[in-house]
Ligand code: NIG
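Given next, in structure tokens, is a single chain: the form predicted on its own.
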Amino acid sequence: MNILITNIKELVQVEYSSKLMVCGSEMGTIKTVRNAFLLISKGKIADFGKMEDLFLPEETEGRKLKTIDATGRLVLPCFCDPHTHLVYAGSRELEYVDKIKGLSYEEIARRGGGILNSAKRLHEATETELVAGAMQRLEEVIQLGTGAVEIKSGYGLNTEDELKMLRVIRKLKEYSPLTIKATFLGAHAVPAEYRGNPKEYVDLIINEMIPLVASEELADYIDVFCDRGFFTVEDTERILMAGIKYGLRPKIHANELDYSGGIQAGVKYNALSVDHLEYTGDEEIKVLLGSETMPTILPGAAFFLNMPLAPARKMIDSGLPIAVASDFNPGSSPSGNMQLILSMASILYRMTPEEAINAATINAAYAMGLSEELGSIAVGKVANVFITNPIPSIEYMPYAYGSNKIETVILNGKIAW
């Protein structure tokens, strides 16, 4: 089916020449077309422009052309969410109460909560149960405007369960219209049985898990939680080198709890992204400048855990790009609502609406290795777009933080919601 969207109040995030990302002051600018049309054909963006310039090729005319009148509405590229843990079994609201009572993330983890709690529940769940639960979450995020997600393993923490998680993600790729990337995160936490000898667990990841993940082609990327109380820089580098040997590009959890050296390790091994970044100083910014690594902040996690905020304003003003992600997971960010993440980026991190939209679209696509296909309105890119309700401006997207402002979602050129 071909789709023609007409009378668009404002077509947002258009590109006439492709970009992989936007950095620094460029993040404050977004190209738009007012009173616009958008033509979708064969799942791709075929044309766009002002209504007065609309001309339909013969092959798009006739019965196969569905026309949508978007009067008073904006059209944007769907959000990309480059950091989630949305395959899990069961919520962790009791730990939420512990947080309210003052227990820290690390204290909860030491008591067997946190990631280890999710690992226990995942071990007891079947693949069928995990697929069903994750599909519900994917349907929810589609309705909120997300068109692509990265999903990590990491609630397995043993070979069998890590492979189970990754097989579930593979099934989600088959069943869902979303574009999905899979990341192997066996190094999410040290299992209880290895607490006295974490290096033995690192050896298990390197010698057993990674070869099996690679042999079944279950992951696109490899990740490590490089932070205080989790995995050291030495552990991280060993795991990343082993993953790279098998063709898995790194993405790193870094500097959420301290100045851990995770950002430097990520840049050293050409990580696609380094994520969290609550503890980022001048040295880390200097290392990131000129690298190919996307700094990715997770506003939902910092908000939920009441943690220090990553210095996004300073990073942008220093010339860096920024991506944002939901960190959708049961323990520290139980929401995949990227509209809410836009609002948090603006309200908490002092990012302008334009900067926040760039961070959730083209830069987030880069953090997934997808900015040549997604993240903007450009001829030849995959037609992942959404049509808003009638709203006054792009500023309204982060401003109206409590409501779903999306009316229609199109994924791969088909109406998904």
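One-based numbering along the sequence shown. Remember, it's a predicted structure, so these values are computed and weren't measured experimentally.
Keep in mind that the form predicted together with this ligand is not shown, yet the notes after this line are about it.
Stretch-level contact check against this ligand in the predicted complex with heavy atoms at 4.5 Å: of 311 to 319, 196 to 204, 329 to 337, 123 to 131, the positive one is 329 to 337. Within this chain, Phe303 is remote from the site of this ligand in the predicted complex, having no heavy atom within 4.5 Å. Put simply, Tyr105 is close to this ligand in the predicted complex: some heavy atom of it is within 4.5 Å. This ligand is not drawn, but in the predicted complex it has no heavy atom within 4.5 Å of Lys251. Mapping the unseen interface onto this chain, Ile115 counts among the residues with a heavy atom inside 4.5 Å of this ligand in the predicted complex.
Looking at this ligand in the predicted complex, residues Arg92, His188 and Phe225 each place a heavy atom within 4.5 Å of it.
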